[in-house]
Each structure stands twice: as C-alpha cells, then as structure tokens.
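This document starts with one chain, in the form predicted on its own, laid out as structure tokens.
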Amino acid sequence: MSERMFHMGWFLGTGFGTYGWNQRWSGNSGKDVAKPGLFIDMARSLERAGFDYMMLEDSSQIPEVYKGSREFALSRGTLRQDPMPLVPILARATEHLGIIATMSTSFYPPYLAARLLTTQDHLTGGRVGVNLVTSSPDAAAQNYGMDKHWPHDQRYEIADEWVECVKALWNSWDDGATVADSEAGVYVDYTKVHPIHFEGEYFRSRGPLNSPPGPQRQPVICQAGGSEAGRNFGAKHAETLIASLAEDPGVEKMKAYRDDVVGRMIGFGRNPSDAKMLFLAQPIMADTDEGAREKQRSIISAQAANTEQLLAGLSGYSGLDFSKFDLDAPLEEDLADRTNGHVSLVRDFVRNASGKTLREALADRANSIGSVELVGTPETVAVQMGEIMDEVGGDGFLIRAQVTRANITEVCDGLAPALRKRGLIRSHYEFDTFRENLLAF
C-alpha cells in the first residue's frame, strides 16, 4: 500500500457560473443563476471529504471568437458571475476549506487587488487564495478600455511586476503594527506602516495599504501556466500549481512536467516543497469496473459527437475561429505561432494533430479526460491515484468534472472515503489557515 498522502482540489471550470444546463443531473441550474446554493453544498461536501481547496475560474467576456458571434456561448449558458463576492459566503459555510478565486493581473490594479485580497483574508479567517491569470481574449481587454490585448509573453512580464507590487503592498505593514492599546489611545503604531513608493515599467503605487494584514498576510497564490513564460511565472510565485496535461496526458508526461517546474523553482531560489503541484483529472466511476468503462465510452462518444462544442472550445482557448477551417483537411502547422491565447494548449493540440485532419484531431481530443486515465470503482480509482502519485512524485489531483450534485456526491462520498481508507488523503485538518493545511505534507 502506498504511503504517499496527497492533496485534493476541485477546479470549477466556469467559476461562479452555470453548470450542466439542460442536461441530466443539472438540477435547477436554469433558474439558479447567480444563486450560491450549489456552491455552498459543494464547499461543505469538499470539506467533509478533506479537500484542500476549490478553485473558481473566471473570465471577463462572453466568448465570441467562434463564428465571430456570441450566439453559441449564450445559447448554451456560458455565463459567469464575479467569484470574489462568493468567497466569504463559502467561507462562512465552512471551517477549513481553502477557497481560490481567479483574478487577472492584466485588469486588476495592484492596489485594488492587494486591498481586496487582504479583506478577503480577514473575512475568510485566513482561507482565501487567488488564481492569477493574464487573460487572453482581445474582447476581455476591450472591456477594460484597451484596443487589443498585450502579446502573450509580455503579459507575463506585466504579471511578474504586478506580483512584486502587490507583495510590497501586503508587506507595507510590519508585524505588530496593530497594538490596540486603549490606555495609550493608540490603535496602530504608525512607525510600523510604510509607503512602498513602487516604481515599475507598468505599475506605480505609493502605498501603504489602509488595511492591516490578514491571518495569512499573503493569500495563497495559485497558477496554471503551461507555456514557457507561464511555467516560469508559476515556478517563481505560486504556492499551488495546476498542471493541465489533457492534450498530452500520461504518467511520463506528468513526471516530465513536475521535473521541469521543480528545476525552475530551484533556479528561482525556492524550495520545491513550498509549492504543491496538482494534476487535473476526471475520475470516471461506477459500481463495477466494467460499468465505469462503459460510462467512459459513453462520455467519449458524446464528446466526439459534439463537434461544434469542440470547435468552440478551441476557438476560445486560441483566439482563432476554428469554424473557418476545413474539417477534412490537415491542420495548419503554424497555428501555435498565430495565437495570442493559450499557447501551450494550441501547441500541444497541433503537435498531436500532425498528419491528421481537423476532424480526426477533434476525435482524439474528445478521448482526453484529464492528465491521466482514472476509471473504475471508487476503490479501483483510489488504488490508481495512489500508484500514480508514487510514480510521479507529485502532490495530488485537481478534480475537473461537471459541477453537479451527482458528481460531487460521487467524489466526496464515494472516492474520498476509499482514498482515506488507504491513508492517501487527510482524515482531519491540522491548522486554521489555508496555507498551513496546504503545506502540512
């Protein structure tokens, strides 16, 4: 039996949005837009299951690259509310679970971000995290007054300076600045609160924050970049990294990714144990292993048949309108050079599509169900997960499944107990703050 205990998270792929609308097990999703009930239920279930965190993705625009129209996205309910106001609601419903919301370094001014996240740290009792993205669509940039978005690598240069400025603001208060001395009539020792006078190429901020540090001082930073620039950014700043290898899955690829990022962390003078790397995975489970295999075949078949959804997804990730490509012609090899979107995803997709038509490449993409295949009963999947983590040397898994109460129950009340029985996930939380629990093992 494996002795490697690992961490668990859940990636909510459309953040504080609509899930499974008009599909089986979606409940009242058509009428519950912007209501927190599903997410409260989920947070409580994840905490009961011993998860480290739930991560809410976000976006600032309605997808409209595919066919140059918003029709496809809106007809299928691709909506998102701002996840930040949801964070303290979820924290109030739980006691230990980390809650990560997504924030774009391209659109949030550093002072606003530092102050908001410090406030969230107070409101959650030290359980907030932030998933830093640079955003990619021009439409998102235009919502913030830009004509078009910055080029991919420059976005990461901006993000790097953004983190430097935000961290300076978080540290503009010394330890012990808040004294609350009623006899002396002094609430804050002003000598321990300092301007930062930050002057960068992209940002300037005087500081200090007018908010005292929260329980963690700095919220946990999460990052999911797969490109060269993205991996460097994550290796330099993140405390939990999300590895999405759906375009290039398998244990050997997971090991290679981990080794690469660990090497980069060491290059930045960081201890690799100070960041936990979780691999995206979609467990497919049933009462029998064969039943799970049949379920897998059904999922893949449905995904493969939904050509338009696959094309729209690629269009959104890449910024290229895939409706304009001939489905039965070989895929153009220079697509990765033409995208200003998710470079690593497009690069891997094009590489895997070499010698194939777009239709064939889409069929292969439909077969992808995460960084590695996890199929069987909860007990079978638990064994698979333990063996994979032993081989990879990673830190855990980030579940990526449709957010329905059926899927939540299957994972939290089926898979989690099977993992805990094998000693693979925590039986209780040792600490009060997100960071302490994340770095506990």
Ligand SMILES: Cc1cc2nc3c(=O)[nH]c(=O)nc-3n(C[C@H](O)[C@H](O)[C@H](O)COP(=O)(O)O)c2cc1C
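Numbers follow the displayed sequence, beginning with 1. What you are looking at is a predicted structure, and each value in this text was computed from that prediction instead of being measured.
One more form of this protein, predicted in complex with this ligand, exists but is not displayed; see below.
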Suppose contact means a heavy atom within 4.5 Å; in the predicted complex, does that hold for all of 6, 221 and 275 with this ligand? no
I'd like to check something about residue 342: if you look in the predicted complex, is any of its heavy atoms closer than or equal to 4.5 Å to a heavy atom of this ligand? yes
Can residue 19 be called a contact residue for this ligand in the predicted complex at 4.5 Å between heavy atoms? no
Counting only non-hydrogen atoms and a 4.5 angstroms cut-off, does residue 47 reach this ligand in the predicted complex? no
Interface membership of residue 280, this ligand in the predicted complex, 4.5 Å heavy atom rule: yes
Within 4.5 Å of this ligand in the predicted complex, heavy atoms considered, which of 410, 57, 32, 391? 57
Taking 4.5 Å between heavy atoms as the contact cutoff, choose which of 207, 126, 316, 230 touches this ligand in the predicted complex. 230
Within 4.5 Å of this ligand in the predicted complex, heavy atom basis, the matching stretch of 49 to 57, 64 to 72, 374 to 382, 32 to 40 is 49 to 57
This ligand in the predicted complex - contacting residues of 121 to 145, heavy atom within 4.5 Å: 131, 133, 135
